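Next up: just one chain, as C-alpha coordinates, the form predicted alone.
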(Lines give C-alpha, C1' and ligand atoms only; values in the text may rest on other atoms or scores of the structure.)
Protein backbone atom coordinates (compact mmCIF):
# COMPACT_ATOMS: atom_id res chain seq x y z
CA UNK A 1 0.00 0.00 0.00
CA UNK A 2 2.77 2.38 0.90
CA UNK A 3 4.58 1.77 -2.39
CA UNK A 4 1.36 2.56 -4.26
CA UNK A 5 0.89 5.80 -2.31
CA UNK A 6 4.48 6.81 -3.04
CA UNK A 7 4.10 6.08 -6.75
CA UNK A 8 0.84 8.01 -7.01
CA UNK A 9 1.71 10.97 -4.78
CA UNK A 10 2.45 13.30 -7.72
CA UNK A 11 -0.94 12.64 -9.29
CA UNK A 12 -3.25 13.29 -6.33
CA UNK A 13 -5.31 16.50 -6.38
CA UNK A 14 -4.41 19.25 -3.89
CA UNK A 15 -6.87 21.57 -2.19
CA UNK A 16 -6.01 24.32 0.28
CA UNK A 17 -8.91 26.69 0.80
CA UNK A 18 -9.80 28.08 -2.61
CA UNK A 19 -6.49 26.96 -4.14
CA UNK A 20 -7.14 23.68 -5.96
CA UNK A 21 -5.12 21.76 -8.56
CA UNK A 22 -5.73 18.44 -10.30
CA UNK A 23 -2.23 17.06 -9.71
CA UNK A 24 0.94 17.97 -7.81
CA UNK A 25 3.12 18.57 -10.89
CA UNK A 26 3.81 22.23 -11.67
CA UNK A 27 5.56 23.78 -14.64
CA UNK A 28 8.35 25.95 -13.23
CA UNK A 29 8.90 29.56 -14.34
CA UNK A 30 11.53 29.73 -17.09
CA UNK A 31 12.69 32.84 -18.95
CA UNK A 32 12.28 32.27 -22.72
CA UNK A 33 12.49 35.86 -24.10
CA UNK A 34 10.05 35.66 -26.99
CA UNK A 35 7.98 38.83 -26.78
CA UNK A 36 7.32 41.38 -29.48
CA UNK A 37 7.83 45.15 -29.44
CA UNK A 38 6.75 46.68 -26.15
CA UNK A 39 7.50 43.39 -24.37
CA UNK A 40 3.99 42.15 -25.18
CA UNK A 41 3.19 38.40 -25.07
CA UNK A 42 2.87 36.73 -28.48
CA UNK A 43 0.69 34.08 -30.10
CA UNK A 44 3.51 31.53 -29.99
CA UNK A 45 3.75 32.10 -26.23
CA UNK A 46 0.04 31.27 -25.95
CA UNK A 47 0.65 28.07 -27.91
CA UNK A 48 3.66 27.18 -25.73
CA UNK A 49 1.70 27.41 -22.48
CA UNK A 50 -1.43 25.78 -23.93
CA UNK A 51 0.65 22.75 -24.94
CA UNK A 52 1.71 22.32 -21.30
CA UNK A 53 -1.71 22.82 -19.69
CA UNK A 54 -1.70 19.25 -18.35
CA UNK A 55 0.41 20.50 -15.44
CA UNK A 56 -1.51 20.87 -12.20
CA UNK A 57 -0.29 24.47 -12.26
CA UNK A 58 1.76 26.50 -14.72
CA UNK A 59 3.90 29.33 -13.39
CA UNK A 60 4.88 31.69 -16.17
CA UNK A 61 8.29 33.08 -16.90
CA UNK A 62 9.07 36.15 -14.82
CA UNK A 63 7.01 39.19 -15.82
CA UNK A 64 8.63 42.52 -14.87
CA UNK A 65 6.33 44.76 -12.83
CA UNK A 66 7.89 48.00 -14.15
CA UNK A 67 10.53 49.33 -16.52
CA UNK A 68 13.15 49.54 -13.78
CA UNK A 69 12.23 46.04 -12.61
CA UNK A 70 13.27 44.60 -15.97
CA UNK A 71 16.55 42.70 -16.26
CA UNK A 72 16.29 40.59 -19.41
CA UNK A 73 15.38 41.71 -22.91
CA UNK A 74 12.25 40.38 -24.65
CA UNK A 75 10.54 39.27 -21.43
CA UNK A 76 6.76 39.88 -21.14
CA UNK A 77 5.77 42.69 -18.78
CA UNK A 78 2.59 43.26 -16.79
CA UNK A 79 2.59 47.04 -16.45
CA UNK A 80 1.18 48.45 -19.70
CA UNK A 81 -2.26 48.14 -21.30
CA UNK A 82 -0.78 46.36 -24.33
CA UNK A 83 0.98 43.81 -22.11
CA UNK A 84 -2.14 43.10 -20.04
CA UNK A 85 -4.20 42.59 -23.18
CA UNK A 86 -1.43 40.47 -24.67
CA UNK A 87 -1.66 37.98 -21.80
CA UNK A 88 -5.41 37.41 -22.21
CA UNK A 89 -5.30 34.99 -25.20
CA UNK A 90 -2.64 33.02 -23.32
CA UNK A 91 -4.63 32.56 -20.11
CA UNK A 92 -7.76 31.76 -22.15
CA UNK A 93 -5.87 29.06 -24.09
CA UNK A 94 -4.64 27.40 -20.89
CA UNK A 95 -8.09 27.52 -19.29
CA UNK A 96 -9.74 26.00 -22.37
CA UNK A 97 -7.43 23.01 -21.90
CA UNK A 98 -8.47 22.72 -18.25
CA UNK A 99 -5.22 24.13 -16.90
CA UNK A 100 -4.42 26.67 -14.19
CA UNK A 101 -1.80 29.37 -14.50
CA UNK A 102 -0.07 31.79 -12.11
CA UNK A 103 2.07 34.67 -13.38
CA UNK A 104 5.44 35.29 -11.76
CA UNK A 105 5.86 38.93 -10.72
CA UNK A 106 9.46 40.02 -11.12
CA UNK A 107 11.74 42.85 -10.08
CA UNK A 108 15.40 42.04 -10.75
CA UNK A 109 16.96 44.83 -8.66
CA UNK A 110 20.66 45.17 -9.48
CA UNK A 111 20.66 42.29 -11.98
CA UNK A 112 20.13 44.58 -14.97
CA UNK A 113 21.67 47.19 -17.26
CA UNK A 114 20.43 50.57 -18.50
CA UNK A 115 20.73 49.36 -22.12
CA UNK A 116 17.78 47.05 -21.30
CA UNK A 117 15.63 49.50 -19.35
CA UNK A 118 16.84 52.99 -20.23
CA UNK A 119 17.32 53.71 -16.52
CA UNK A 120 19.95 52.85 -13.90
CA UNK A 121 19.11 49.66 -11.98
CA UNK A 122 17.87 49.97 -8.39
CA UNK A 123 18.96 47.85 -5.44
CA UNK A 124 19.03 47.91 -1.64
CA UNK A 125 22.57 49.32 -1.79
CA UNK A 126 24.89 50.69 -4.46
CA UNK A 127 26.84 47.44 -4.68
CA UNK A 128 27.66 45.42 -7.77
CA UNK A 129 28.95 41.88 -8.17
CA UNK A 130 30.13 40.09 -11.31
CA UNK A 131 26.96 39.04 -13.11
CA UNK A 132 25.49 38.75 -16.61
CA UNK A 133 21.97 39.06 -18.00
CA UNK A 134 20.34 38.70 -21.46
CA UNK A 135 20.40 42.06 -23.22
CA UNK A 136 21.36 44.01 -26.40
CA UNK A 137 24.89 43.54 -27.70
CA UNK A 138 26.96 46.47 -29.01
CA UNK A 139 27.43 44.68 -32.34
CA UNK A 140 23.67 44.07 -32.64
CA UNK A 141 21.35 41.29 -31.59
CA UNK A 142 21.10 39.91 -28.08
CA UNK A 143 23.33 37.97 -25.76
CA UNK A 144 24.70 37.90 -22.23
CA UNK A 145 25.96 41.28 -21.01
CA UNK A 146 27.58 42.40 -17.77
CA UNK A 147 25.32 44.19 -15.30
CA UNK A 148 26.16 47.69 -14.09
CA UNK A 149 26.42 49.52 -10.77
CA UNK A 150 22.92 50.10 -9.29
CA UNK A 151 21.62 53.07 -7.37
CA UNK A 152 20.60 52.53 -3.75
CA UNK A 153 16.81 52.84 -3.49
CA UNK A 154 15.29 55.75 -1.63
CA UNK A 155 12.43 55.05 0.77
CA UNK A 156 10.09 56.61 -1.78
CA UNK A 157 11.34 54.21 -4.45
CA UNK A 158 10.85 51.27 -2.07
CA UNK A 159 7.25 52.25 -1.41
CA UNK A 160 6.67 52.83 -5.11
CA UNK A 161 7.99 49.32 -5.79
CA UNK A 162 5.60 47.83 -3.24
CA UNK A 163 2.76 49.55 -5.09
CA UNK A 164 4.11 48.30 -8.42
CA UNK A 165 3.81 44.72 -7.15
CA UNK A 166 0.24 45.34 -5.96
CA UNK A 167 -0.73 47.01 -9.25
CA UNK A 168 0.83 44.16 -11.24
CA UNK A 169 -1.18 41.65 -9.19
CA UNK A 170 -4.38 43.56 -9.96
CA UNK A 171 -3.43 43.68 -13.65
CA UNK A 172 -2.76 39.93 -13.57
CA UNK A 173 -6.32 39.28 -12.45
CA UNK A 174 -7.59 41.43 -15.31
CA UNK A 175 -5.41 39.39 -17.70
CA UNK A 176 -7.15 36.19 -16.55
CA UNK A 177 -4.54 34.57 -14.33
CA UNK A 178 -5.55 32.26 -11.48
CA UNK A 179 -2.98 33.84 -9.21
CA UNK A 180 0.52 35.29 -8.91
CA UNK A 181 3.90 34.16 -7.69
CA UNK A 182 6.11 36.90 -6.22
CA UNK A 183 9.73 36.30 -7.22
CA UNK A 184 11.69 36.50 -3.98
CA UNK A 185 14.54 34.23 -5.07
CA UNK A 186 17.70 33.97 -7.22
CA UNK A 187 19.43 37.17 -6.17
CA UNK A 188 16.69 39.45 -7.49
CA UNK A 189 15.38 42.50 -5.63
CA UNK A 190 13.53 40.91 -2.70
CA UNK A 191 16.32 38.36 -2.20
CA UNK A 192 18.86 41.20 -2.31
CA UNK A 193 17.10 42.87 0.61
CA UNK A 194 17.18 39.62 2.61
CA UNK A 195 20.93 39.02 2.32
CA UNK A 196 23.77 40.66 4.22
CA UNK A 197 26.17 40.91 1.27
CA UNK A 198 23.73 42.88 -0.92
CA UNK A 199 21.93 44.89 1.77
CA UNK A 200 24.15 47.42 3.55
CA UNK A 201 21.36 49.82 4.48
CA UNK A 202 21.25 51.51 7.87
CA UNK A 203 17.55 52.45 7.86
CA UNK A 204 14.51 50.29 8.69
CA UNK A 205 15.11 48.17 5.56
CA UNK A 206 18.62 47.04 6.54
CA UNK A 207 20.73 45.85 9.42
CA UNK A 208 18.73 43.43 11.56
CA UNK A 209 17.10 40.30 10.17
CA UNK A 210 13.66 41.78 10.82
CA UNK A 211 14.58 44.91 8.86
CA UNK A 212 15.91 42.89 5.93
CA UNK A 213 12.62 40.94 5.87
CA UNK A 214 10.57 44.12 5.76
CA UNK A 215 10.33 44.64 1.99
CA UNK A 216 9.32 41.01 1.38
CA UNK A 217 6.54 41.19 3.96
CA UNK A 218 5.33 44.59 2.74
CA UNK A 219 5.14 43.29 -0.84
CA UNK A 220 3.34 40.08 0.12
CA UNK A 221 0.82 41.91 2.30
CA UNK A 222 0.17 44.53 -0.39
CA UNK A 223 -0.47 41.82 -3.00
CA UNK A 224 -2.66 39.80 -0.61
CA UNK A 225 -4.71 42.91 0.18
CA UNK A 226 -5.15 43.51 -3.54
CA UNK A 227 -6.20 40.04 -4.79
CA UNK A 228 -6.59 37.69 -1.79
CA UNK A 229 -4.16 35.26 -0.15
CA UNK A 230 -5.51 32.18 -1.98
CA UNK A 231 -4.21 33.70 -5.24
CA UNK A 232 -0.74 34.57 -3.93
CA UNK A 233 2.50 32.62 -3.64
CA UNK A 234 6.17 33.50 -3.27
CA UNK A 235 9.38 31.90 -4.49
CA UNK A 236 12.41 31.68 -2.18
CA UNK A 237 15.89 30.19 -2.64
CA UNK A 238 17.83 30.24 0.65
CA UNK A 239 20.38 27.65 -0.48
CA UNK A 240 20.99 29.21 -3.92
CA UNK A 241 23.53 32.04 -4.20
CA UNK A 242 22.77 33.05 -7.79
CA UNK A 243 23.43 36.74 -8.39
CA UNK A 244 25.33 37.04 -5.10
CA UNK A 245 28.86 36.88 -6.45
CA UNK A 246 29.38 33.36 -5.14
CA UNK A 247 28.86 34.44 -1.52
CA UNK A 248 26.56 32.31 0.64
CA UNK A 249 24.78 34.27 3.35
CA UNK A 250 25.33 32.60 6.75
CA UNK A 251 22.03 34.00 8.09
CA UNK A 252 19.73 33.32 5.15
CA UNK A 253 18.33 30.01 6.45
CA UNK A 254 17.47 31.61 9.79
CA UNK A 255 15.95 34.64 8.07
CA UNK A 256 13.88 32.35 5.82
CA UNK A 257 12.44 30.51 8.83
CA UNK A 258 11.46 33.86 10.37
CA UNK A 259 9.82 34.87 7.08
CA UNK A 260 7.87 31.60 7.00
CA UNK A 261 6.55 32.18 10.52
CA UNK A 262 5.04 35.44 9.28
CA UNK A 263 3.75 33.94 6.03
CA UNK A 264 2.05 31.09 7.91
CA UNK A 265 -0.45 33.63 9.26
CA UNK A 266 -1.53 34.69 5.76
CA UNK A 267 -2.60 31.30 4.32
CA UNK A 268 -0.98 31.85 0.93
CA UNK A 269 -1.66 29.40 -1.90
CA UNK A 270 1.88 28.06 -1.49
CA UNK A 271 5.54 28.90 -0.83
CA UNK A 272 7.88 27.80 -3.61
CA UNK A 273 11.49 26.77 -2.84
CA UNK A 274 13.97 26.84 -5.72
CA UNK A 275 16.88 24.45 -5.18
CA UNK A 276 19.86 22.76 -6.85
CA UNK A 277 20.59 25.36 -9.54
CA UNK A 278 23.43 27.75 -10.32
CA UNK A 279 25.67 28.28 -7.25
CA UNK A 280 23.89 26.20 -4.61
CA UNK A 281 24.26 24.13 -1.46
CA UNK A 282 22.32 20.94 -0.83
CA UNK A 283 19.23 21.53 1.30
CA UNK A 284 19.78 19.61 4.56
CA UNK A 285 16.92 17.47 5.79
CA UNK A 286 17.20 19.28 9.11
CA UNK A 287 16.14 22.50 7.39
CA UNK A 288 13.15 20.80 5.76
CA UNK A 289 12.08 19.61 9.22
CA UNK A 290 12.52 23.12 10.65
CA UNK A 291 10.42 24.50 7.79
CA UNK A 292 7.58 22.10 8.55
CA UNK A 293 7.69 23.06 12.24
CA UNK A 294 6.92 26.69 11.40
CA UNK A 295 5.09 26.34 8.07
CA UNK A 296 2.29 23.80 7.70
CA UNK A 297 0.64 25.25 4.58
CA UNK A 298 1.40 24.10 0.99
CA UNK A 299 5.02 24.01 -0.13
CA UNK A 300 6.31 23.61 -3.68
CA UNK A 301 9.89 22.57 -4.45
CA UNK A 302 11.82 22.83 -7.71
CA UNK A 303 15.30 21.91 -8.86
CA UNK A 304 16.38 18.85 -10.86
CA UNK A 305 13.71 16.62 -9.36
CA UNK A 306 12.83 13.39 -11.16
CA UNK A 307 9.48 11.65 -11.07
CA UNK A 308 10.86 9.39 -8.33
CA UNK A 309 12.50 12.05 -6.15
CA UNK A 310 9.48 14.32 -6.59
CA UNK A 311 7.15 11.57 -5.46
CA UNK A 312 9.37 10.84 -2.49
CA UNK A 313 9.56 14.40 -1.13
CA UNK A 314 5.76 14.68 -1.28
CA UNK A 315 5.37 11.28 0.38
CA UNK A 316 7.74 12.37 3.17
CA UNK A 317 5.59 15.43 3.79
CA UNK A 318 8.30 18.02 3.09
CA UNK A 319 6.48 19.30 -0.01
CA UNK A 320 2.98 19.29 -1.49
CA UNK A 321 3.86 20.05 -5.12
CA UNK A 322 6.95 19.64 -7.30
CA UNK A 323 7.80 22.04 -10.14
CA UNK A 324 9.70 20.84 -13.19
CA UNK A 325 11.59 23.18 -15.52
CA UNK A 326 13.64 21.85 -18.39
CA UNK A 327 11.71 18.54 -18.66
CA UNK A 328 8.64 20.64 -19.56
CA UNK A 329 10.55 22.36 -22.38
CA UNK A 330 11.05 19.15 -24.35
CA UNK A 331 8.03 17.24 -23.00
CA UNK A 332 4.87 19.35 -23.28
CA UNK A 333 2.93 16.28 -22.11
CA UNK A 334 5.20 15.68 -19.11
CA UNK A 335 2.36 14.74 -16.75
CA UNK A 336 1.08 12.10 -19.15
CA UNK A 337 4.60 10.71 -19.63
CA UNK A 338 5.14 10.49 -15.87
CA UNK A 339 1.73 8.89 -15.37
CA UNK A 340 2.37 6.19 -17.97
CA UNK A 341 6.14 5.79 -17.51
CA UNK A 342 6.73 6.92 -21.08
CA UNK A 343 10.30 7.83 -22.06
CA UNK A 344 11.21 11.52 -21.83
CA UNK A 345 12.68 13.59 -24.64
CA UNK A 346 15.99 14.96 -23.39
CA UNK A 347 17.53 18.33 -24.16
CA UNK A 348 20.17 18.28 -26.88
CA UNK A 349 23.66 19.47 -25.97
CA UNK A 350 23.13 22.65 -28.01
CA UNK A 351 19.62 23.35 -26.70
CA UNK A 352 20.77 26.26 -24.53
CA UNK A 353 21.30 28.33 -27.68
CA UNK A 354 17.51 28.42 -28.20
CA UNK A 355 16.46 28.91 -24.58
CA UNK A 356 16.40 32.70 -24.96
CA UNK A 357 14.94 34.51 -27.95
CA UNK A 358 13.99 33.18 -31.36
CA UNK A 359 10.74 31.74 -32.65
CA UNK A 360 8.99 28.38 -32.54
CA UNK A 361 12.18 26.30 -32.84
CA UNK A 362 12.99 24.87 -29.44
CA UNK A 363 9.83 26.43 -28.08
CA UNK A 364 6.61 25.00 -29.48
CA UNK A 365 7.94 22.32 -31.86
CA UNK A 366 8.47 19.49 -29.35
CA UNK A 367 5.97 16.66 -30.01
CA UNK A 368 4.00 14.77 -27.38
CA UNK A 369 4.70 11.08 -26.88
CA UNK A 370 1.61 10.15 -28.90
CA UNK A 371 2.69 12.48 -31.75
CA UNK A 372 6.14 10.90 -31.75
CA UNK A 373 4.58 7.44 -32.02
CA UNK A 374 2.36 8.58 -34.90
CA UNK A 375 5.38 10.05 -36.73
CA UNK A 376 7.20 6.73 -36.47
CA UNK A 377 4.19 4.82 -37.85
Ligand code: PHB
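This structure is a prediction, so every number in the text was calculated from the model and none was measured. Numbering follows the first chain given and starts at 1.
Although not depicted, the form predicted in complex with the ligand is the subject of the following passage.
- Here the chain stands alone, but in the model of the complex its contact with the ligand, taken as any heavy atom within 4.5 Å, falls in 185-193 among 217-225, 292-300, 123-131, 185-193.
- Residues 72, 106 and 356 are all found to lie within 4.5 Å of the ligand in the model of the complex, as judged by heavy atom distances.
- Proximity of residue 277 to the ligand in the model of the complex: non-hydrogen atoms within 4.5 Å are present.
- Although the partner is absent here, residue 35 is not a contact residue: none of its heavy atoms lies within 4.5 angstroms of the ligand in the model of the complex.
- Proximity of residue 174 to the ligand in the model of the complex: non-hydrogen atoms within 4.5 Å are absent; the residue sits far from the partner.
- At a distance threshold of 4.5 angstroms between non-hydrogen atoms, residue 254 is out of contact with the ligand in the model of the complex.
- Site annotation in the model of the complex: the residue of 31, 311, 51, 66 reaching within 4.5 Å of the ligand with a heavy atom is 31.
- Among the residues 242, 92, 262, 85, the one placing a heavy atom within 4.5 Å of the ligand in the model of the complex is 242.
- Of the residues in 5-30, none comes within 4.5 Å of the ligand in the model of the complex through any heavy atom.
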